[in-house]
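The form predicted alone is given below as one chain in structure tokens.
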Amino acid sequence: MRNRFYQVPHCTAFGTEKPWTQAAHRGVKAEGGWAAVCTEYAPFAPDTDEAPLVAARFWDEDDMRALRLMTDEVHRHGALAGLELHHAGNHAENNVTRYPTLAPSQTASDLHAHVVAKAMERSDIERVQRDWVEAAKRARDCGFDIVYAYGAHSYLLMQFLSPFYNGRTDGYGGSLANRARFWLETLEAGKRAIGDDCAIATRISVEGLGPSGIHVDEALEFVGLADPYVDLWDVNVGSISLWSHDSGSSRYFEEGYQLRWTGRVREATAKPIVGVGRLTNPDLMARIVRSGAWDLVGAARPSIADPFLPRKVAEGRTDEIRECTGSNVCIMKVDGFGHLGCLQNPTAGEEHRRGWHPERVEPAGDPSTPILVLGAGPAGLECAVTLGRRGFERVHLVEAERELGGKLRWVRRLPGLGDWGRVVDHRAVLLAKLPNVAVVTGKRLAAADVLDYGAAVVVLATGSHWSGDGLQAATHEPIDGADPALPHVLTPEQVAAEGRRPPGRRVAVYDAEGYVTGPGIAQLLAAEGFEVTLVTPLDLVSPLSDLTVEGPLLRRALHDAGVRMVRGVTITAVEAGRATGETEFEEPWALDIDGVVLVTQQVSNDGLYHELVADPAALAAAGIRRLVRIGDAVAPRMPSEAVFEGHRCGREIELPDPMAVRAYDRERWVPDVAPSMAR
């Protein structure tokens, strides 16, 4: 390895289904200075199928051809390529392949309630080990330099090691030495097969943090047993049911939090160790390496947020690092939406299909074109930065408030969401380095001001606001009596940005969104001593937080803060001292309160756009050739989508309609002649 930066295996939803996208995404990281770049988990046999999740399937030569694109691209940029060979054990549903699920004992999966495994017989053990060895040989022949025996996250190797899964009474169960035998035999066979050609890595959760894994003292004993067969230890914490503690979000885990446990592995081995912990601070990285706890700085999410992090460190541009926010939007995008994305990095997942590079943009066709960007929220900030990087000579970013950030100005002040402000801070640093972009704050422009500004292109990124009348999805109607001018009716902006508070101590936060705002407001008010009831029409409090692996942690935090949670209730009317509505079973419901915060639906701030677009003659007379609306001003969305749209607008601003829907590469293979269905 050319340095100590190591992109550990992480999911993308590309796998072998989108091989060019896989290659481009990993290749950009190698170009950005990561010395080793790994795939996501790679099932090596058909009886470890976790569909609909997408993995880097590695069954045969067809899969080798797909992943050869990645190894070639990673090697082209001077990095090593790693493959994480994987068997899920009793976490494999096998819904597509329809094979029985395998596990050390016949136990029901603690991940999928309907899955009960077959207890592996000796023939199953030997067959799986042969499959792993054959896959390891294919990995070597495919160009991989590092081959994993993946045991972390309570997959099959860990299931043999953990008494929670392993109730065997033969030579593979009972004592630690027996429970370790399956893993040790697999490593030894791999070492014999490819150990002179590739590094053998193993990934282990050294502290399960619950009943399904092992604890650190036992993990150190295992490391001692396996050390002769291992070239690299990849260490983390948690299990598949406690993945929230491995990919810990910034709401609940500080940078480097795993060191408490992973830092102890040095006690048991002198081999290289790589660890993770959402590290973005180069000083902390250096301290860890100098301490000897780890040899390599591992990253998944920080490498997505900034593929060029290592190069920026090497070049002394640490202020330009696009730091991971810890929002776990990447996990939501992969597991929930089927394609990697990022709150900080709008090019993540777009390297192949849209041809976007995180550090390079096409130069402006006509640099002299004067451009006005109105609104410095996530969309406007990203658009202005992109236009500036492209070399437009006169870009003005004008914000009505005195502070940049749009809704993130106050969202970052909610409990646990401070690191979301990195979206704003990073772009503020870049704007300060772009002399061709002027930033004006505290200036609200009317239509006449826009017409008189002298811009040829106007981009409206005017954002959105929370509905003050309680317009909501459950009814598509306002709430009777809701008016934010009344003292007992408040919006999130009034609470978090303006400092308004209800007239008494009893407050309901009505959350019809199901993401971060409602719980954040509830925690904020609870911390100030209010008696808070969070009411939601949804079946679960903040269901979107489950997609970011934060849901259980969030609901526990609300409980610990003293917030009462009421689900399945739609509020239809509010008045001074009372909120009323109905339950999901259409039963009447009421709550005595002193105030209510309405987190129901956001509404676009699009009045200025409609006023301008309604008078094309005035636009022409003002020399405005193009009027574009982006971000929440089009439709309120998650901040990641606003950043993405701002970036797309900046890249495509010269097109006749920059925001038009366009096809991108789908990696389809269409045969010239349809195959016959005949057998």
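Sequential numbering from 1, following the sequence displayed. Everything numeric in this text was worked out from a predicted model, so none of it was measured.
Below: the form predicted together with another copy of the chain, not depicted.
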* Contact of residue 169 with another copy of the chain in the model of the complex (heavy atom, 4.5 Å) -> no
* Looking at the partner-bound form in the model of the complex, is residue 281 within 4.5 Å of another copy of the chain by any heavy atom? -> no
* To do: Consider residue 425 of the chain shown here, and say whether it contacts another copy of the chain in the model of the complex, taking contact as heavy atoms within 4.5 Å.
  => no
* Interface membership of residue 420, another copy of the chain in the model of the complex, 4.5 Å heavy atom rule -> no
* Asked: Within 4.5 Å of another copy of the chain in the model of the complex, heavy atoms considered, which of 561, 540, 591, 439?
  -> 540
* Asked: Among 183, 410, 609, 155, which has any heavy atom within 4.5 Å of another copy of the chain in the model of the complex?
  -> 609
* Structure fact -> Per contact check vs another copy of the chain in the model of the complex (non-hydrogen atom within 4.5 angstroms), the hit among 391-399, 487-495, 296-304, 160-168 is 160-168
* For the stretch 63-86, which residues lie within 4.5 Å of another copy of the chain in the model of the complex by non-hydrogen atom distance? -> 63, 65, 66
